[in-house]
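Below you will find one chain, with nothing else, as structure tokens; this is the form predicted on its own, and questions on how it binds or moves follow later.
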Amino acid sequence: MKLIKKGLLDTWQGLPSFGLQHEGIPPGGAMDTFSLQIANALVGNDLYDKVLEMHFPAGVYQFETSTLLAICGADFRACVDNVEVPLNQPIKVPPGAIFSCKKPVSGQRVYVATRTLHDEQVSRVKILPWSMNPENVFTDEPIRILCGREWDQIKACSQQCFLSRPFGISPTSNRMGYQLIQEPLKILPSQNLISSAVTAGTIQLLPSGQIVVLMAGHQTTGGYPRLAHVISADLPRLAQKGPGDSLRFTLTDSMTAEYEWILVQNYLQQVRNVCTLKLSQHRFDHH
């Protein structure tokens, strides 16, 4: 793709790269790994291929070759040659076609996966007749959390507030972490902590009594109390929230967190299997 107009924080992102945290290198990767994998599956890419992560206002790009395209995640009213195209559905676009996004409708991040069609010359935009429409991506259901090692460092009344009142997401939030806005939590007297490992979804308690949820660009260690951890299955849903949005938390247990993660992985495997079959049938029919 050729860049026509630069967008806000458009970057190529893949899945997190684990294994180097002990050397101070964070895993990084896409904020919403679920949408990234759906997009890659729809065009027949490898699970680990990078896609374009876009925020609004988004960039404008031109395709230089015949391309298979999939747009997942947030709804920014994506267009090809100024004609609106659907989310979660593979689309063939011809050389010279221009991709743009008109306005944000829901969500915070769009994921665009592409694959060059080496054996086909596309002459017009063609939407292929299957789609994957994942549910519960933009729901207002509470974000599920597990208690952290320092959960008991806030008073019982603050624990109750944490779980019963909504938090706002601060405009200063970014890929490193979401700063949440609420009445400061009341902290019990405690000793200073030794800096310890953190990960995406770790909820840290700041000295001010406010909290921050670490996201994809998080550091590898931190010295603030770890009140809780967002379960992995809910991180993509949290990633599609942004400044001005509100959210609530609810406690769950490790068995539920593991079960929900397995459900997500099974669903993604089913999507990959179905898309592989559909693309194979389409290529056979085309030839």
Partner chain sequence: MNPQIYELGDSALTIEFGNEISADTHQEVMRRFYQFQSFPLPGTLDLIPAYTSLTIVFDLRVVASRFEGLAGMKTLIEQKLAEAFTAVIPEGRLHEIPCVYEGPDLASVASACGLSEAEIIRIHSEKEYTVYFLGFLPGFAYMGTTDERITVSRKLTPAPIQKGDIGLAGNQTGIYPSASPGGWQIIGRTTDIPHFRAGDRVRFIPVTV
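Positions refer to the first chain, counted from 1. Note that the coordinates shown come from a computational prediction; the quantities given were computed from them, not determined experimentally.
Below, we refer to the form predicted in complex with its partner chain, which is not included among the displayed structures.
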Original post:
Exactly one of T221, Q62, S246, T65 has a non-hydrogen atom within 4.5 Å of its partner chain in the predicted complex; which residue is it?
Top reply: T221
Original post:
Looking at C79, V105, L163, A197, which is the one with a non-hydrogen atom within 4.5 Å of its partner chain in the predicted complex?
Top reply: A197
**OP:** Tell me the stretch among 25 to 33, 238 to 246, 66 to 74, 48 to 56 that has any heavy atom within 4.5 angstroms of its partner chain in the predicted complex.
**Re:** 25 to 33
**OP:** May I ask you to state whether Q13 is within 4.5 Å of its partner chain in the predicted complex, using heavy atom distances?
**Re:** no
Original post:
Quick one: does L146 come within 4.5 Å of its partner chain in the predicted complex, counting heavy atoms only?
Top reply: yes
**OP:** Evaluate I262 for contact with its partner chain in the predicted complex, applying a 4.5 angstroms cut-off between non-hydrogen atoms, and reply yes or no.
**Re:** yes
**OP:** Indicate whether N273 is a 4.5 Å heavy atom neighbour of its partner chain in the predicted complex.
**Re:** no
**OP:** Any residue of 252 to 274 with a heavy atom within 4.5 Å of its partner chain in the predicted complex counts; write them all down in order.
**Re:** S254, A257, E258, W261, I262, Q265, N266, Q269
